[in-house]
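Okay, here we've got a single chain as structure tokens, the form predicted on its own, with questions on binding and movement later.
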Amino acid sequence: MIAVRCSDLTKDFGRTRALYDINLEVEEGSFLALLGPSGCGKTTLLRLIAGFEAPDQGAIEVAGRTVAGPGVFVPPEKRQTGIVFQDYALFPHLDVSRNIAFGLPKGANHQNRIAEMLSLVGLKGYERRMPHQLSGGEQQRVALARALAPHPTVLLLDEPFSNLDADLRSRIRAEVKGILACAGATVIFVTHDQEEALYMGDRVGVMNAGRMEQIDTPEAIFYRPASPFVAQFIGVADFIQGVVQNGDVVTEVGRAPLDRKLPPGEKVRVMLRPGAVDIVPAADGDGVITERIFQGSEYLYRVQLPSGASIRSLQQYSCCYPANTRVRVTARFDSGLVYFSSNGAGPKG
């Protein structure tokens, strides 16, 4: 079942277009992470789904019901969506129990549902505590419990970990992922942190300048990016020139077979991840190390090739080479050859 469907969504703010023809589907019980740089439109898209903004074109469906579209606009409180804001937005004058109860219809199961939520987020016994008496992680769990309490069709998370320090963020996001999995929640999660998106999402949607560049699994986003922007935004990527010869793409660091026919002599841009670039010191090597960056258990090297192109190579800490070392450079394409036409568009491997 499709929990959320967005069709041809467009949104303008004055003369500025924030979203261009966004299309996406989120399956029930799945986790979609929306990723992109600041100003790319991901929060605007979340606000359209929540009902805080109305699209200028297109339609939004929640659980098969149109909640926004031509002649239709269902207010936020009637959309069956829950939302957790970046600052959690807890009511400071209400204790934990009453914060969770906010928005729940009163009835025989009212207190039972509050108890269920407290148990789910690991805050049993915190019923009477006030928000200022809670840590940042505990406040976040209260906000989750409040959003999940009314049984929403979809839960919307707007950069919920950005206010936490690095160590706490890593622990809390693991806890949140477990809580949401136990709840069987359908989640749309906005972040600018690629590590979070790859960790949390069953699928990741990468946005750029109001457009959806690619929606796919984390593995596909990383290893089979649909555009140079996605390749460079997710992880570290370099591009070098390649030429089609005898069914292969030939580069100055190796050759790899094509997965489709291209005209001999056609030039393409080949993506290289640092982990797939090997360097070995050699007096007759064509590459020269121009930079070495210490990363704890690894070194990230920048190497200049004879063509003048600069690529990076990730090596274990034991492989410690000084700048200006001549090296032999080879690339591995065991995860598949990814390439783009010389103007930056497809095809891709």
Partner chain sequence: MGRGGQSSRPPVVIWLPAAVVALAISLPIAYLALRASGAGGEVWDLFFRTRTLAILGRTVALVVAVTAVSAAISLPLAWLTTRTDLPWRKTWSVLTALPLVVPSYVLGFAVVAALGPRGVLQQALGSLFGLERLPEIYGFPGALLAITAVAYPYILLTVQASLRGLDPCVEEVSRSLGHGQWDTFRRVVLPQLRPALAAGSLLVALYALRDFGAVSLLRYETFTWAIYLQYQTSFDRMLAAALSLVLVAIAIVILIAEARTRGGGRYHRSAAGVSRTPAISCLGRWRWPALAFCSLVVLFALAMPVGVIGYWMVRGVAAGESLQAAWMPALNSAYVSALAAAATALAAVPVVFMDVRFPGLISRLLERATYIGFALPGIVIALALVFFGANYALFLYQTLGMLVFAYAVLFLPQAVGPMRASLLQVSPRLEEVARSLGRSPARVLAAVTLPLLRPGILAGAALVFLTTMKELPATLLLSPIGFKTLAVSIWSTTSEAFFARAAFPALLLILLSSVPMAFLVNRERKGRS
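Owing to the predicted nature of the structure, the values given are computational and were not obtained by experimental measurement. Positions refer to the first chain, counted from 1.
What follows is about the form predicted together with the partner chain, which we do not show.
Participant: So, R47, I83 and L90: all three within 4.5 Å of the partner chain in the model of the complex by heavy atoms, or not?
Facilitator: Yes.
Participant: Between R128, K261, K124, K106, only one gets a heavy atom within 4.5 angstroms of the partner chain in the model of the complex; which residue is that?
Facilitator: Result of the distance check: K106.
Participant: Ok, G178, P150, G136, G275: which has a heavy atom sitting within 4.5 Å of the partner chain in the model of the complex?
Facilitator: Contact residue from the list: P150.
Participant: Taking the partner as it appears in the model of the complex, which of 197-205, 92-100, 275-283, 221-229 has residues with heavy atoms within 4.5 Å of the partner chain?
Facilitator: After filtering at 4.5 Å, what remains is 92-100.
Participant: Please tell me whether any heavy atom belonging to G247 falls inside 4.5 Å of a heavy atom of the partner chain, as the geometry stands in the model of the complex.
Facilitator: Contact with the partner chain, no.
Participant: Counting only non-hydrogen atoms and a 4.5 angstroms cut-off, does E77 reach the partner chain in the model of the complex?
Facilitator: Flag for E77 set to yes.
Participant: Does R146 reach the partner chain in the model of the complex, with heavy atoms at most 4.5 Å apart?
Facilitator: So R146 counts as contacting the partner chain.
Participant: Determine whether any heavy atom of T43 comes within 4.5 Å of a heavy atom of the partner chain in the model of the complex, and answer yes or no.
Facilitator: T43: contacts the partner chain in the model of the complex.
Participant: Counting only non-hydrogen atoms and a 4.5 Å cut-off, give the residues of 278-303 close to the partner chain in the model of the complex.
Facilitator: Not one residue comes within 4.5 Å of the partner.
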